[in-house]
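Okay, so here's just one chain, in structure tokens, the form predicted on its own.
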């Protein structure tokens, strides 16, 4: 085969969903990856993580064949590959099927728990044959909440669906609020549109408790106390209404509950908001007026906002701001959290939840929140006896790590891990299966940062004996004796099913077929086409009706009131915060941040990526004043602790955090001298909506090591 180029799609958990062109040589080896220059958002370049992607594909540490834990070896770190012996795929699949069957027979099928998330956001790899398999088996269902459910439910409660300002429209904005959004660090393909807007006179304001790369480049960085975003947004509303900066016509035509909201925000004066958030009253006034007096104004809110106990209320309040000013009417106005609601995939057909009726239970199985994995693995009634991990690394990313690792270390827990590398979770596996990268499999993908459907073609044969999820779970289904025809569906057949090709296609997918994507792999969702140059831009919430119970944008939610939740967004200090009553014992708010050059825990093991994070690996950033009060100097080893555990880190005195806040970055446990990462300190307490995690509602204390 001659050297050729294949269109693929980066499937890592990022809003950009980049089109990636892979050059493959005569021997079938990938030799180059580059951004697709014809993709309107990718625009020919890749982020620093994926630009080096061949380092990942061909890394010497790639898992290349199935393995079984050797008898007599304990679960946990420190043994690496010596704890495992190589076996064939047939041996691995036969043993897994036998163990799952025996576990189901003895303890019931709900004693089996799948654990996966967005290690790949390719539609089939994220959730298709795997869901069919576990539904038919009768395994416990996993509530996949660890990233976005709080903000997502907040968005839907206000607007009815997750749509947002088109990324390509940010170039027309006159004011951009990056609210908890490190655009330059983890949404880099939005950045050129932001810069284009700034060249045309727009201002960029960043609201974040940490001085991110984006904040350092902004016109104004507003440093806010973690978890208090709702108070700031409500304070902005107070000023907008007081000073007559709301769009009364838009509100009257398109919203529900304005009168209740207007009364509700009266107590949120700038002075009171300063007490709650640490943002000076004058800055609250200035920000609100800047926002109310500038059109078009766009808000790019990211998911950090919702990872606190008050995250749902914060998300709702922020997302209501463009409805108050009518920003949705303007090209370049509105807000963006996720565009994923624009993609009406046929997930019922892909995932087949109806198969639970054919399981040994004959009914839907119980649901376990993935944030509460530590609790789930410690349950004594109807305990989890088998765990199947894929597309995730829970030993590193799940909160309350001490509880999670105790559960994973159980000798009576049968654990299977489908992975590309020897992650922290693999250290606890009984069977390890090698997984493919996005270059080595075919898939279809949408996005949560733009409106393009893309076909990701297989660029190369898998390295070693790596196999994709679809193949793995189809093979397991055959060994379990599942006879339903859906377990024999090919990848192409499932892509057709996702596109509703076997029925009536919904309008956004009208005419988008596998054949079309094979010829032209990038297709804009129908009905979202942009004709801004001729005065016909696509503006998602410029006018109703909306997909809410009232048909309007909902400031006041009767649905939430009926559930016993706040009908209007309300600031409640997180219990685990300085204002929440625990501040005397643990006076510092802890931010366990995502590293700029990793993707959650992905890429953390690669030397090239580690080099880019070298200044922060193992470091605790703290304000010089907090350090001085504790007798801590720059470069000193310190202990960071709370009731859940303690971490040794190296103090890095920094003004990227305010007094009272400290920060460290997520990486693999085994890269730390203590064998733990920041999630040793995070808890299993949940946000106020969606069952999401409260990663940023964490209190700690710090002292010099050994003191």
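Numbering follows the first chain given and starts at 1. As the structure is a prediction and not an experimental result, all values here were calculated from the model.
FYI, the form predicted together with a small molecule isn't displayed, but the following is about it.
Chemist: Have a look at 323, 404, 207, 273 for me and say which one sits with a heavy atom within 4.5 Å of the small molecule in the predicted complex.
Modeler: The option sitting close enough to the partner is 207.
Chemist: Just give me the single entry in 494, 466, 591, 384 that has a non-hydrogen atom within 4.5 angstroms of the small molecule in the predicted complex.
Modeler: Selected residue: 591.
Chemist: Does any part of residue 64 reach within 4.5 Å of the small molecule in the predicted complex? Heavy atoms only, please.
Modeler: Looking in the predicted complex, residue contacts with the small molecule do not include residue 64, since no heavy atom lies within 4.5 Å.
Chemist: Can any non-hydrogen atom of residue 14 be found within 4.5 angstroms of the small molecule in the predicted complex?
Modeler: Contact with the small molecule, yes.
Chemist: Any chance residue 159 has a heavy atom within 4.5 Å of the small molecule in the predicted complex?
Modeler: Output for residue 159 is no: heavy atoms all beyond 4.5 Å of the small molecule.
Chemist: Using 4.5 Å between non-hydrogen atoms, is residue 185 touching the small molecule in the predicted complex?
Modeler: Yes, residue 185 lies within 4.5 Å of the small molecule in the predicted complex.
Chemist: So which of 120 to 128, 627 to 635, 281 to 289, 244 to 252 is the stretch with heavy atoms within 4.5 Å of the small molecule in the predicted complex?
Modeler: This holds for exactly one stretch, 120 to 128.
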